[in-house]
Ligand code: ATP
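One chain comes next, on its own, written as structure tokens: the form predicted on its own.
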């Protein structure tokens, strides 16, 4: 049994995660949720004074916005769409017959206007663009959403439906890169406070195909993405639990996000993988949170 499966089995046996029969799709216990809630309060203590506008989008987003975002050009393998039955009574009878005999009953489903949100910030850009020009001082947003990535795995830190907390900054290039740098420092301070050993390294997104390799190399060369890594199921390949991303003016140009002087806004975001951070804490400090080191409990629960 490998380390990933062993840790997952322990999480199931302790009741912290609940097996649904689908890899990467888990229920969560009250104790698991308490860890996430406590860490989110820690995020608030570090970022709350910045005055971000709080927005909470659902786990589904407008399909037209999704298509405009270009996500399918870069990550088609990760996307999830919502399909529904749109037929008549005869179609319904055919569907039920397929289910009875174990045939594919989904083949006649049709795409709806909703896709599963791939990252908490994706619905934000068109929403802000509709408001008109951004002030010269820029804008800051606090987001949290369930997100979907189609990547089935026995690694409990690689879930298909998971929560992402984000701060998104919009403004000049200097404004948003300063924001990113400050959160890299804050991220180290936060993880030190909860007793986790981390490294920060340059990274790239999982772009699809041969063309994606070039995009990934460019992203790394320009240091547009950094990740805060914590060993969870592998010391050799630690897990990205936070990411610090500079999009340059890509989203600004795509969505028509402009500053008051007419220049295209630059954007940056910091993302927290909430389930991954909870799993890192449980892996390093044990599955019984009551027995965690006093310094860690104080940082999380006061």
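Computed from a predicted structure; not experimentally measured. Positions refer to the first chain, counted from 1.
Below: the form predicted together with the named molecule, not depicted.
Though the partner is left out of this view, residue 159 does reach within 4.5 Å of the named molecule in the model of the complex, counting heavy atoms only. At a distance threshold of 4.5 angstroms between non-hydrogen atoms, residue 133 is out of contact with the named molecule in the model of the complex. Within this chain, residue 149 lines the site of the named molecule in the model of the complex, having a heavy atom no more than 4.5 Å away. Not displayed here, the named molecule is approached by residue 276 to within 4.5 Å at the level of heavy atoms in the model of the complex. Contact annotation: of the candidates 61, 257, 268, 242, the single residue with a non-hydrogen atom within 4.5 angstroms of the named molecule in the model of the complex is 242. Distance criterion of 4.5 Å from any heavy atom to the named molecule in the model of the complex singles out 206 from the list 206, 195, 209, 76. Exactly one of the stretches 95 to 103, 184 to 192, 124 to 132, 162 to 170 approaches the named molecule in the model of the complex with heavy atoms within 4.5 Å, and it is 162 to 170.
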